[in-house]
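Let's start with one chain on its own, the form predicted on its own, as structure tokens.
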């Protein structure tokens, strides 16, 4: 069955008549009315429009979901936040009344923090749509691109029973205004592509995939995709049909850049979000300024990364993004902070306060989280490993910021024998204690191997934001299990 549909752009509010300058003026007027009553106030406008196109053996879909537009006003009084969110901005008097009502509140709880980290006011107005603005290509032309790579992957072998080819783009406008005098606006586009090939022989089914995305325009597809890469996905799926089961136990391991990035995000990054630390929900709470691993181990979060899928112009509290060294020369040196946690920790905001949209809560969130490259080559890491397991193609990761356990799954792995790759294995699970894994790091390969992968990250299984993670090849020791 083939079904193609294009929904007209709709919004969950009626603000199409409001320009960006209109929105800024409204935000300034409302904050001016609320500011004398509270210690601090800010406002965030978000306008997110997305397009998703997919094709598999059953159907083709070209859909444009509703856009999400609105403003949230936030006020701090005696250490307590109050918020008011609006999807309809046409009735200014109603907005003023509701926000002033929030600003006049009597705090209902005692809070240890009576203030937030302050910053100098700044202004910026930028648009980052890349060299090839996605809007300059018709949706039907993007569908043809999706169909093309479906056919390339599907035609490689009769054992390829299905292919999922998917293109996604998002266009996000964010405006931030606060009582300190900051006035910020950014328009950013993100492009993402996913290709999965499923192979079957007798009763066995395996798959392989290609996925990545970046901040920018359609020119990034030239780096993510070509015919040979699409063919390789199907070839790797076929190869897995003959792969054996990985041996279990504790082994020396080498992780590919995808697996290293998944480790950086899932196993380490979540434990470094300061709101989790302050709630006592991080296994890293007692390790600040302590040596965890070798000097060559450095891990960072960088919201300024060029074309990073999680990169920002400013975070949702109006802070500029930073490259934040979380681990430097093996020492845990800082956490990721928003304004509130920075004040409590006597630190500075790191540009990691993020909301999914104006409708959702602002949390400390990662942006682009990576293991920094080292000096080894991949071949040198294999030789140093001797005998062990090489894991590639990250499949999933489970966070455990409280217990500090790790569980990462790879779609494919290989036996390392006498410093060389030998037979392949199917789905493999890497587990153990994060701090044991870090302490056992034996080397990381160079910058030429560095790669990132794009995706979304939730907080408590919702509140999804765009992120990426990455690294180079990384050698350590861990428990290996079958997936």
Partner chain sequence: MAQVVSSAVREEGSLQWDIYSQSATDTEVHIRENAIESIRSPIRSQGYALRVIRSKGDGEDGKPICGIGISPGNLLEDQRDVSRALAFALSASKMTSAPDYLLPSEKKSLPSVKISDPKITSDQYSSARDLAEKVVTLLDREKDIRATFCKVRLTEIKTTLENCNGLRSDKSETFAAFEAGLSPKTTLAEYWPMTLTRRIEDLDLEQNIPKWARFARDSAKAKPPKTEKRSLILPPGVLSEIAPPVVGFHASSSALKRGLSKWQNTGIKVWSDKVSISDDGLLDYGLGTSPFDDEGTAQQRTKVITRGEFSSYISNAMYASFVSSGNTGNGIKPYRSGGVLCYSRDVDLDSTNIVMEAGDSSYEEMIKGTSRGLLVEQFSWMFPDPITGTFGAEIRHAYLVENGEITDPIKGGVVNGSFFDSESGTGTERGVFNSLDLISRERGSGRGSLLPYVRFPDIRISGE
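Here the structure is a predicted model, which is why all the values come from computation and not from measurement. Numbering follows the first chain given and starts at 1. For the two forms, the rigid core is made up of the largest set of C-alpha atoms that agree within 1.5 Å on superposition.
Beyond the structure shown, there is the form predicted in complex with the partner chain, which is absent from this document and is the topic of what follows.
J.: Heavy atom within 4.5 Å of the partner chain in the predicted complex: which of 39, 423, 56, 29?
T.: For this set of options, the contacting one is 56.
J.: Within 4.5 Å, heavy atoms only, which of 130, 374, 401, 321 is in contact with the partner chain in the predicted complex?
T.: Checking each option against the partner chain in the predicted complex, the one that comes within 4.5 Å is 401.
J.: Within 4.5 Å of the partner chain in the predicted complex: all of 117, 217 and 414, by heavy atom?
T.: No: no residue has a heavy atom within 4.5 Å of the partner.
J.: So which stretch, 136 to 144, 291 to 299, 224 to 232, 325 to 333, is the one near the partner chain in the predicted complex (non-hydrogen atoms, 4.5 Å)?
T.: That would be 136 to 144.
J.: Taking 4.5 angstroms as the cut-off for heavy atoms, does residue 406 touch the partner chain in the predicted complex?
T.: Yes, contact at 4.5 Å.
J.: If we define contact as a non-hydrogen atom of the residue within 4.5 angstroms of the partner, is residue 431 a contact of the partner chain in the predicted complex?
T.: Answer yes; at least one heavy atom of residue 431 falls within 4.5 Å of the partner chain in the predicted complex.
J.: Would you check, heavy atoms only and a 4.5 Å threshold, whether residue 60 touches the partner chain in the predicted complex?
T.: The answer is yes: residue 60 has a heavy atom within 4.5 Å of the partner chain.
J.: Flag residue 64 as yes or no: does it have a non-hydrogen atom within 4.5 angstroms of any non-hydrogen atom of the partner chain in the predicted complex?
T.: Yes - in the predicted complex, heavy atoms of residue 64 and the partner chain come within 4.5 Å of each other.
J.: Let me know which residues along 458 to 483 have a heavy atom within 4.5 Å of the partner chain in the predicted complex, or say none if there are none.
T.: Sequence-ordered list: 460, 461, 462, 463, 479, 480, 481, 482, 483.
J.: Aligning on the core only, does the CA of residue 94 end up 2 angstroms or more away between this form and the one not shown?
T.: Indeed, residue 94 is displaced by 2 Å or more.
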